[in-house]
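Only one chain is given next, in structure tokens, and it is the form predicted alone.
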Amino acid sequence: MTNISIANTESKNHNWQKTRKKLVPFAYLSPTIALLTVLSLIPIAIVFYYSLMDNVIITRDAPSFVGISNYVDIITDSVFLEALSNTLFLTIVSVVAHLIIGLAFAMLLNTEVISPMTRALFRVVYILPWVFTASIIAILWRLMLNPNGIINYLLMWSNLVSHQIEWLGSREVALYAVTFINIWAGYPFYMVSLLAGLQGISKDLYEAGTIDGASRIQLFRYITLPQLKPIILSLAMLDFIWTTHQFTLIWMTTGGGPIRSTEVLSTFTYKLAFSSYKFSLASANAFIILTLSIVVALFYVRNQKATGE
């Protein structure tokens, strides 16, 4: 009996030690988990609760449960559909342009054709848009794209246009203008990341390809792109999520106008909440944006796991 008791005690101690080892990482992470719960999970739960209710926050009537009717109202709203279309256009065009421009500049800065001093100068110039905050970028481009600004002056001086263009005040041009600004502001992130990836590719691969008779295009297609693929996928997914949440740049340049031509999901949510005081509808719209972001985030996590394996 004594031996059985000792064996049971040792088994319990062994199991406790294993459980303790498993709990130690969570103990170290507990402050972060608590902070994440307070700052993210609880607000998300509250927003989801608001999206299922009516008469919330600023109201004299008691809140009432309406289920998914807020989501139905949002999805069938023509303004929401226009904001969704603008958001997808801004996001897809920006991500593609960021990739093309960022990769082109990264390859330029990685080449040995130009001198090290010139490459260092170009790095400083190309990285400048990433240094400025969104509010500074919005103010700078609003001044330059003003009808009496430097852009119109240069275009008219070079006889490319015959009259002043309302870059941010024209319904036909405004969305393209803010998309261009967003492209200009975001390409350095790609450039720096892809430049680091290019510098990590072994030169032996290029030497072997050259010996086999591969052209520059073939070297780029069969060596450079495959080596950069994990970085490109990660950048594209992150950029997609960030751009769908773009608010400051749009709000400080056009405010979603003129006549909703640059209305995106983030500005539409803001106006629902703080201009129309429709907090339930704003919560539903915000949760739709969160759902879209989660879908892309799942692809990002899956890609990261595949890359790690």
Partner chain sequence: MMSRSVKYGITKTLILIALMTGALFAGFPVLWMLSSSFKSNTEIFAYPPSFISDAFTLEAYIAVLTNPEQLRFFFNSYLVSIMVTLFTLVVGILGGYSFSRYDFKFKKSINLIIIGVQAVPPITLMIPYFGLIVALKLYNTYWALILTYMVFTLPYAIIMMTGYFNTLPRDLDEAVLIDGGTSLVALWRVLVPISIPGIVSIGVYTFMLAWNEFLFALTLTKTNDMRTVPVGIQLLMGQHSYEWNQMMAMSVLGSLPVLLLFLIFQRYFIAGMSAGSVKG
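This is a predicted model, so every value here is computed, not measured. Positions refer to the first chain, counted from 1.
Another form exists, predicted in complex with its partner chain; not displayed. Remarks below refer to it.
Taken together, the three residues 109, 144 and 283 all lie with some non-hydrogen atom within 4.5 angstroms of its partner chain in the predicted complex.
Residue contact with its partner chain in the predicted complex: residue 40 places a heavy atom within 4.5 Å of it. Using a 4.5 angstroms limit between non-hydrogen atoms, residue 148 touches its partner chain in the predicted complex. The closest heavy atom approach of residue 240 to its partner chain in the predicted complex falls outside 4.5 Å. A residue is said to contact a partner when one of its heavy atoms sits within 4.5 Å of a partner heavy atom; residue 129 meets this definition for its partner chain in the predicted complex.
Distance criterion of 4.5 Å from any heavy atom to its partner chain in the predicted complex singles out 234 from the list 179, 170, 234, 227. The partner is absent here, but in the predicted complex a heavy atom of 192, alone among 192, 165, 198, 205, sits within 4.5 Å of its partner chain. Shown alone, this chain has one stretch from 171-179, 77-85, 115-123, 219-227 that lies within 4.5 Å of its partner chain in the predicted complex by heavy atoms: 115-123. Counting a residue when any of its non-hydrogen atoms is within 4.5 Å of its partner chain in the predicted complex, there are no hits in 69-99.
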